[in-house]
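As C-alpha cells, one chain now follows by itself in the form predicted alone.
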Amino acid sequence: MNENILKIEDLVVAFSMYKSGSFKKENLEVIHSLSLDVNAGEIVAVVGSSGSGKSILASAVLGLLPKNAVTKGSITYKGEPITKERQKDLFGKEIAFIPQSVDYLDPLMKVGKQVKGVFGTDERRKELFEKYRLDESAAGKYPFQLSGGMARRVLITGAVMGNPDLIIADEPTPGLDLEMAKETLDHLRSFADSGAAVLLITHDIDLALNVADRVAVFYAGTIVEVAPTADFLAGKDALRHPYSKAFIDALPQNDFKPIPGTQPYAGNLPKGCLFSDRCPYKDSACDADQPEREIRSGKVRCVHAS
C-alpha cells in the first residue's frame, strides 16, 4: 500500500504567448518547481484559491495541455515516465480522470455508451449506475437531457469503469447535493482503501478533510505545504506555512478572516517566496529561493517554518 503511484518532480508549466501590444512571444510561467507524490492506498487533496493553477496540474499529468504549453520536470507513473506512447495504454484504463466540467461529455453520444467506453461491459455499467443512483433509463439519454447532478455522476461512473490504479478528480462534487457529495468522496475513499491512489483537486476543504490522508496547499502555481490531514484538523497552529494558516482562518467556520492583498499574477511574481508580499513575517530571507524542507512529518517552502 506504500507503493509510489504518481510522482511529480520540479514541474514547470509555461504558456508561449504574445506580449500585449507586441508581435514578440514570451513564456508565461504558471506552474513553478512543483513536486508532489501520491502513493497506493491514499488520497492526496490539493486545495487553494481559484486561479492558483490546480487544474493545470491535472492537465499536465494527463497530457491535456494546449499546444502552446512548455513543460519541464518529470511526471512518472509507477516509476516510469508518462510518455505519449504510454498514454494510450494507461489513460482510461489504469489512470482515470474525473473532470471539473460536465462539458467533457459528448453531446452526440448516449450516456450508456459513453460510460461503457471501449473497455467496459454492460454488467459493470449497470453495477455503477446502481451504485451512483442513476436510473437505468439514463443510459438511453443524451447529456443535455440530464440534470447537472446526474451529469456529474455520469462522469464519475465513466471514470471508474475500469477499476483504475490512479484517479485524478478535478472538482468532482460541484452540482451535487451535500449527501451525494459526501457519498462521492466516500467512493473515492473506498477506491483508495482497495489500493488505488487518488489525487483530489478541490475547493471544498471541509469535505476533503473527511477522506484525505494528506493535504497539499497550492498558491500562485506551486505547492507551499504538504501536511497530514490530522494537522489541518488540529488547527492552524499545527501547520507550517503562513499561507496555510491564513487559508484555515478564511474558512466559513472561522468567520472568513481575510488577509491583505491578492495572489500575484504569473507575469509579475515576487522574488523568492511567492507569498512574501502578503506575509506578516516577511524579511530579507524571504527574497531567496525557498527549497522544500521536511518539518514535523510534512513538507514546506518557507524559511521561517518550524
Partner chain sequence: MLLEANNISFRYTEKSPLILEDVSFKVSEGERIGIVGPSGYGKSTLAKILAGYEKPTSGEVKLDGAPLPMKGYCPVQMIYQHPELSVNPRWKMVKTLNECWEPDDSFLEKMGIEKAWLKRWPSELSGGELQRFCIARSLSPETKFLICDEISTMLDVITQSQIWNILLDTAKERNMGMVIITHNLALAERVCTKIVKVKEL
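Here the structure is a predicted model, which means the values were calculated and not measured. Numbering follows the first chain given and starts at 1.
The same protein also has a form predicted together with its partner chain, omitted here; what follows describes it.
- In terms of contact with its partner chain in the predicted complex, the residue from 69, 28, 238, 269 that brings a heavy atom within 4.5 Å is 28.
- The three residues 35, 281 and 284 each lack any heavy atom within 4.5 Å of its partner chain in the predicted complex.
- Stretch 173-181 is the contacting one of 173-181, 86-94, 158-166, 188-196, since its residues have non-hydrogen atoms within 4.5 Å of its partner chain in the predicted complex.
- None of the heavy atoms of residue 229 is located within 4.5 Å of its partner chain in the predicted complex.
- A residue is said to contact a partner when one of its heavy atoms sits within 4.5 Å of a partner heavy atom; residue 203 meets this definition for its partner chain in the predicted complex.
- By the criterion of a heavy atom within 4.5 Å, residue 139 is excluded from the residues contacting its partner chain in the predicted complex.
- Contact annotation: residue 246 falls within 4.5 Å of its partner chain in the predicted complex, judged by heavy atom distances.
- Along 78-112, residues 100, 101, 102, 103 each place a heavy atom within 4.5 Å of its partner chain in the predicted complex.
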